[in-house]
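A lone chain, given as structure tokens: the form predicted on its own.
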């Protein structure tokens, strides 16, 4: 009897996680798909079934394309920094030097700061009479509308994401560096390889799965950015910093247009799924080349 029940024990441990996923992911996921086929503009309590009309409206909307472009621009600018900079810092810190623990703490410190607090602090920094423009004035340079000029607003918010994420991804790289065999480094030193060649031939090949993980996580995080936009710019000016998640929030909770918001959410899900599949194809299947 004990052996009969023993094979079900692993499923009992998985049951709580399965229930949480069912309640907070799968049910909302399918409900969102259903909502995307209804129009809530006329009556939010009695929506009308409109089939694919919400998707067609989105695909005809210039604002939606602008939002998509802002989101991809956010990804294109932020992700390379979040993949490369933490790796360089991790390699530099993974040395036996005095006070290394202090350096790790200082670099990781932004991670434990609340994103809301960080966004408010940077908003003060970017203010018209803030520290950055004060420094520009000292250098006899014209003041910049960091958050009020459409040319700079999105990049100003991206800087907050990069500042906040470098320490987090650095720790991921540091944990992966511990698994690199020391014998390979010693062999490179015997062959007379310089530090750059040593890391190109030993460190990078061993860290490619980790680089893939960081790329995927940082890409998804960049696609879902919301708090920084909400606190610092509200998507402005002129929709210059509005990303797709903030657009979904705006349509759902400010305009109460749940159908359009749900359709945009489904489109975002498809984009994230495609990115995840590409990442697994490139890194998990080891189809990469150095």
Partner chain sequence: MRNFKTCSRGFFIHLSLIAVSLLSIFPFLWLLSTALKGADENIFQYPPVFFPESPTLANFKGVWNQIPFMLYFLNSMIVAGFTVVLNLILSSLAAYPLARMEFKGKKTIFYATLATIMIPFQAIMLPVYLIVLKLNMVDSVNSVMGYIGLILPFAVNAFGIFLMRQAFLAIPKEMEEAAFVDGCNVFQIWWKILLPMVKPTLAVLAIFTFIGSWGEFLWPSIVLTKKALYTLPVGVNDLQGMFSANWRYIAAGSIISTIPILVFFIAMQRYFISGENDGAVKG
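Since this is a predicted model, take the numbers as computed values, not measurements. Positions refer to the first chain, counted from 1. Whichever C-alpha set is largest while still superposing within 1.5 Å between the two forms counts as the rigid core.
There is another form of this protein, the form predicted in complex with the partner chain, and it is not shown here; the text below is about that form.
- Although the partner is absent here, residue 262 sits close enough that one of its heavy atoms falls within 4.5 Å of the partner chain in the model of the complex.
- By the criterion of a heavy atom within 4.5 Å, residue 31 is counted among the residues contacting the partner chain in the model of the complex.
- At the 4.5 Å threshold, heavy atoms of residue 200 stay clear of the partner chain in the model of the complex, well away from it.
- Of the heavy atoms in residue 133, some are within 4.5 Å of the partner chain in the model of the complex.
- Between 123-131, 200-208, 76-84, 151-159, the stretch whose residues reach within 4.5 angstroms of the partner chain in the model of the complex through a non-hydrogen atom is 123-131.
- This chain is displayed alone, yet in the model of the complex one of 68, 231, 50, 240 has a heavy atom within 4.5 Å of the partner chain; that residue is 231.
- Contact residues in stretch 86-105 (any heavy atom within 4.5 Å of the partner chain, taken in the model of the complex) are 89, 92, 93, 95, 97, 98, 101, 103, 104, 105.
- Shown in the overlay between this form and the one not shown, fitted on the rigid core, is a CA shift at residue 267 smaller than 2 Å.
- In the model of the complex, the Cα atoms of residue 14 and residue 218 sit 3 Å or more farther from each other than they do here.
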